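Just the one chain here, the form predicted on its own, laid out as structure tokens.
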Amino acid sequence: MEDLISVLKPSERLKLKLRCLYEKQGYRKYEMSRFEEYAFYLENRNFLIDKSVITFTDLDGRLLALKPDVTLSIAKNYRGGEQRVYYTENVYRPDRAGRSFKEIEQMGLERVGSLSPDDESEVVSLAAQSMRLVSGDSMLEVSHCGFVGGLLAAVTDDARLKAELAALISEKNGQGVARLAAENGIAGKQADALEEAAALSGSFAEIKERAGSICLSDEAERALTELEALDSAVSKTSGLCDVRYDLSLHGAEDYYNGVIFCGYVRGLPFRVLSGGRYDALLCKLGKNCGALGFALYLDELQLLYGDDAAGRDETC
């Protein structure tokens, strides 16, 4: 068996280890159709990472799309109860330059149903363990949409101003936050809280007191409480990568509604994993339940494959 595994490429070994990890936790493989009706993606385009989709007309006249997203398919086909699935799929999206479409290989998992705090902890722990299998020098950054969202709701009702402040906070541009706040009459404790939010990053123990001192709303306090419980549970899981908390992360407001997280590997310029809680999508589809998951972008790991960094010989 070891001889057979040794001939696999690093990317193939990584996928095998991830599959082993997910199936041991009760997740089952999900396979989607290569083509989906374009109307479904058009109706839910706010939940697409990129709005550009490859379309064509089928022989029966239907307008179809070459799959741009897996999560939407899983949400559409959810039929109730507790669902745990993982997938390995290729999706088709514009490249970084936006000049042509690219085939992108993803591996990820989704948990849908009546989610408890323990369920959230399980998914985040699996994301951290996935990053550890990718590389020993990896990091998972965790945040919660409700923290920055709660701060912004406490200082202004202006949607445009909220979006501009959220962008500056996520860029960690404290000076820009202070300047924009002053220009719009936000001062004192409120302005200080927004500026401080742009710098809240580290272990949970390092940021807890600072974050607690600037909670301007019940929503922000609830988000911090949820993160504290999450950190307590996740820290008990063995085999994790470095887990850090960055409360400046806000996420797409019309997509994520709770915990969000991103994975990085030293030496790679882009995040290789992203995920979070997205109840809003299920709600839009008329399904009253929670949803949480993540995707690992296998194509971003090509730079690691040469030195076998993505295929270290570990068991799961």
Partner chain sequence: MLTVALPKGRLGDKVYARLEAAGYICRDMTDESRKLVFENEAAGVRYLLVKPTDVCVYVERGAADVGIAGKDVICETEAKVYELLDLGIGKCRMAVAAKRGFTDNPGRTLRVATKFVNIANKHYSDLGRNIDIIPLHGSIELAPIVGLSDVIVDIVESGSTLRENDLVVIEEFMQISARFIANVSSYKFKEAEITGMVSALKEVEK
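Positions refer to the first chain, counted from 1. Computed from a predicted model, the values in this text were never measured in an experiment.
Only in words, not in the display: the form predicted in complex with the partner chain, which the text now covers.
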Exercise for review: Decide whether Phe40 counts as a contact residue for the partner chain in the predicted complex under a heavy atom distance cut-off of 4.5 Å.
Suggested key: no
Practice item. Find out whether any non-hydrogen atom of Asp246 is located within 4.5 angstroms of the partner chain in the predicted complex, and reply yes or no. Key: yes
Exercise for review: Indicate whether Phe56 is a 4.5 Å heavy atom neighbour of the partner chain in the predicted complex.
Suggested key: no
Exercise for review: Would you check, heavy atoms only and a 4.5 Å threshold, whether Glu221 touches the partner chain in the predicted complex?
Suggested key: no
Review point. In the predicted complex, do Arg96, Glu141 and Arg266 all reach within 4.5 Å of the partner chain through at least one heavy atom apiece?
Key: yes
Exercise for review: Just give me the single entry in Lys172, Lys76, Lys208, Arg84 that has a non-hydrogen atom within 4.5 angstroms of the partner chain in the predicted complex.
Suggested key: Lys172
Revision key, fill the gap. Residue within 4.5 Å of the partner chain in the predicted complex by heavy atom, from Asp158, Asp137, Glu103, Asp118, is Asp137
Exercise for review: Name the stretch, out of 30-38, 63-71, 281-289, 266-274, where some heavy atom lies within 4.5 Å of the partner chain in the predicted complex.
Suggested key: 266-274
